[in-house]
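Single chain ahead, by itself, as structure tokens, in the form predicted on its own.
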């Protein structure tokens, strides 16, 4: 007997004594799934016929049908795959429906143990529901859009079964409501009581199927309405409609049946159906992140013939277009503006032939910094011409939302004091630490020789794995240099801005000076000069002159300037960087912006502004943003040249460096800054 089976079928499965003894099984396969698995074995001391299935790699709950000892010696089991479902008939028993809630398969392959025999069985006639009463020509029993396709499917019933040949020989025009008539693919099935059942597939439209007309050539129009007593035709859920269509299609007739079967195969079944398309389209989604501002997808895509016309994310009946960004080596990043739980969702790919294919989605990854970094690293080098689209449409909103959601979580914080700081500090020096601790004792040694007796020093460790080492080092430098300090230990790494703001919250000085851990004072009065510059009420922030170790200028103020090779986005530039510094000004001089590597504010100003804006990830642009807010409020930014420090620059990026993702992270912050302050540039 041919192992390839088409429905409907009825078979008798005979287990020999040897098959029972060796627990041989009969398995009806649909692709990779086993839709019916039959075996005879004991359960709690009772011989049973066991029916089960393996769908999508998961075994379902067993159906156990008890057998008498005599029946279990060599049982004969009836199996029927009908348009109404799968039925199993144990020896001497009645037919039992197996998995009646699942759509039936279209075709099967039988694989069985060597001692199991297969013969023709008796068809099972399941109880039929009461027929639908018809008035006039017929009714629309059900209608709905088929997920994963561009088609609407209808189940129709006509009063005149003799019309089958006229309606199924060729496509027949069908009109929904007052819409235009479109060709309908029709195949027929027996609806009982002399009625003709029709499955109809038409191009999807917005029309609500409150009525329909079939327009067969040479015959009067056939008008169809909802069943009597219903104002509108029912709209079952897509899964319910799909199961019903498959049951009817298993026994349907007409030339359109094969086309209808192919159409139903295009519906989402949880599998990749792109290989079924007529063009060699390949796509894989390797990363999915739910961000609160849409779904971010990352993967690979190939369309060598340019046949793809649309790629959408589907969730039930909703089809959401993807904002798309090509990346290196046939990769892509895409965003679907869809929020909330995904539920059953998939990718739909449409070709210029009208075909559609489906692609399942992977499980969502945790919306954490590792996912953010992986996405930015996978973006590779983004061309200047694509920067606006890449961040406006694809990367910017979802990654910013991901970052904000992460920062909104409550976080445990510990604070440790070493020595006794001044009771009312003149200034608080706040220093974030990340990646390295070896410069902390150097900085504290220099502070011990500065005019800082009235000030407090606060280190914020933005690197939880280094907690034990930081505590030991803080204790050591206090014992060595006698300069009091405090160590703030947050439970999570959150970046330069949030770490600096945490230090602000724990500070008590009238002036707060944010300082990098790789900045070392040359002048003993550096902090005194910054505090004095802030005595002027028109000054919002004061910064120091920063030099490289070779004496060349690293920072003497910043100027936001457009970068033509970066989509014209504005970046803070350092005039004179790397050159010999000019003579020190005898007074603080006004600049457009100051680097966050050494930036002092009065406490009232810092608290009113909330410190650095935490929207900037890891550490970029938050200083330029803070200075822009100060200028917006009418306050000036100044640099005090006589407050000089050596700045090694970038020594505390730590594990944030490496790979193309670091530059893309800078671009993400540049996008945030430019959309906020230079949107019209």
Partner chain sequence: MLVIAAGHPALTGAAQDHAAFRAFAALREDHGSSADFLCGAGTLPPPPGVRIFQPFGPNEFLAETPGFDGTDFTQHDTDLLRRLSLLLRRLEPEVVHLHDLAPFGVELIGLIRREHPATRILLSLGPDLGRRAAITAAPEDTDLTRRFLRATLLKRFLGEMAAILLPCESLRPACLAFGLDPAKLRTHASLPAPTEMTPPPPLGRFLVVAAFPGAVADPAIFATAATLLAGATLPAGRQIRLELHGGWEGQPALERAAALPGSPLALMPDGPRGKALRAAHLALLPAPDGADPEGLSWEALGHRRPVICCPIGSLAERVQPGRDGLHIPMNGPALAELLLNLIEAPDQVAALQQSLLDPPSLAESESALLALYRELASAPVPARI
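Here the structure is a predicted model, which is why all the values come from computation and not from measurement. Positions refer to the first chain, counted from 1.
Separately, the form predicted together with its partner chain exists; it is not shown, and the next lines address it.
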{"query": "Heavy atom within 4.5 Å of its partner chain in the model of the complex - residue from 337, 73, 442, 215", "finding": "442"}
{"query": "Its partner chain: the contacting residue among 364, 450, 142, 345 in the model of the complex [heavy atom, 4.5 Å]", "finding": "450"}
{"query": "Residue 436 within 4.5 Å of its partner chain in the model of the complex, heavy atoms", "finding": "yes"}
{"query": "Heavy atom of residue 522 within 4.5 Å of its partner chain in the model of the complex", "finding": "yes"}
{"query": "Interface membership of residue 446, its partner chain in the model of the complex, 4.5 Å heavy atom rule", "finding": "yes"}
{"query": "Residue 417 within 4.5 Å of its partner chain in the model of the complex, heavy atoms", "finding": "no"}
{"query": "Contact segment among 627-635, 51-59, 641-649, 33-41, judged by heavy atoms lying within 4.5 Å of its partner chain in the model of the complex", "finding": "641-649"}
{"query": "Contacts with its partner chain in the model of the complex - residues in 477-497 whose heavy atoms fall within 4.5 Å", "finding": "479, 480, 481, 482"}
